[in-house]
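The data below hold one chain only, encoded as structure tokens and taken in the form predicted on its own.
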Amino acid sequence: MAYELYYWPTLQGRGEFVRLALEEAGVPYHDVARLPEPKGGAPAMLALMGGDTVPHPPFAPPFLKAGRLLIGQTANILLFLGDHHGLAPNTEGGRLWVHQVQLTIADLVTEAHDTHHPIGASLYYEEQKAEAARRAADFRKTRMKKFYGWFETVLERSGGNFVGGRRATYADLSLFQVVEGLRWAFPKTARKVEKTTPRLVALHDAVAARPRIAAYLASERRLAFNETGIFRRYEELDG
């Protein structure tokens, strides 16, 4: 069975956290919105979201079709993939801990998005530049350091090089993506903050070197960061 991943076709966004897990697991999947219509494209994704015959319609992408299951919310999808493909600990406590870390990553991702869209996602960045400047300043000075500091503490106490210890999990893949994204969006700030988080930097490098991840990053399947995703580079917001 090949999984079907539904997300916007031209950006990494939250779908990239799922793509990284699927690539690391080495399981077949179709990135449906990037396939040609009528079986693919954004219309295929929107049809599932608004279909009258879908008993549990997802609120927004990404969502994953696994047989008869239709699973929404990034952390929820990763919880499923982690349990089924060796990307989560074997114990209940371990699985809950990795899920907790992933939910905290989701909080950071939301705050990173809100640096350029603090008023509303339906408005253009140019319509909220003054508010974005204030929000980004707080993110640079306090929030990014606080999140990174917590991740560093988690890795220091894990008993290994990864969030759950000696074996990589989906949360480690997601931390790689966060570091990549914030390096793109806030390059000057990232260089400063990373000086205080060597374990997080080492985790990023270790994930990037994993054979399946390295192959994915070098492939055409890996979309480039751009100004339509979660992580956006506006020079004026980097201080």
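Everything quoted here is computed from the prediction, not taken from an experiment. Just count from 1 along the sequence shown to find any residue number.
Below, we turn to the form predicted in complex with a further copy of the same chain, even though it does not appear here.
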| item | value |
| --- | --- |
| Interface segment, criterion being heavy atoms within 4.5 Å of a further copy of the same chain in the predicted complex, picked from 28-36, 62-70, 201-209, 188-196 | 62-70 |
| Site check Q100, G120 and R157: each within 4.5 Å of a further copy of the same chain in the predicted complex by heavy atom | yes |
| R166 within 4.5 Å of a further copy of the same chain in the predicted complex, heavy atoms | no |
| Any non-hydrogen atom of P58 within 4.5 angstroms of a further copy of the same chain in the predicted complex | yes |
| Interface membership of L87, a further copy of the same chain in the predicted complex, 4.5 Å heavy atom rule | no |
| Heavy atom of T104 within 4.5 Å of a further copy of the same chain in the predicted complex | yes |
| Within 1-37, the residues that have a heavy atom no more than 4.5 Å from a further copy of the same chain in the predicted complex | none |
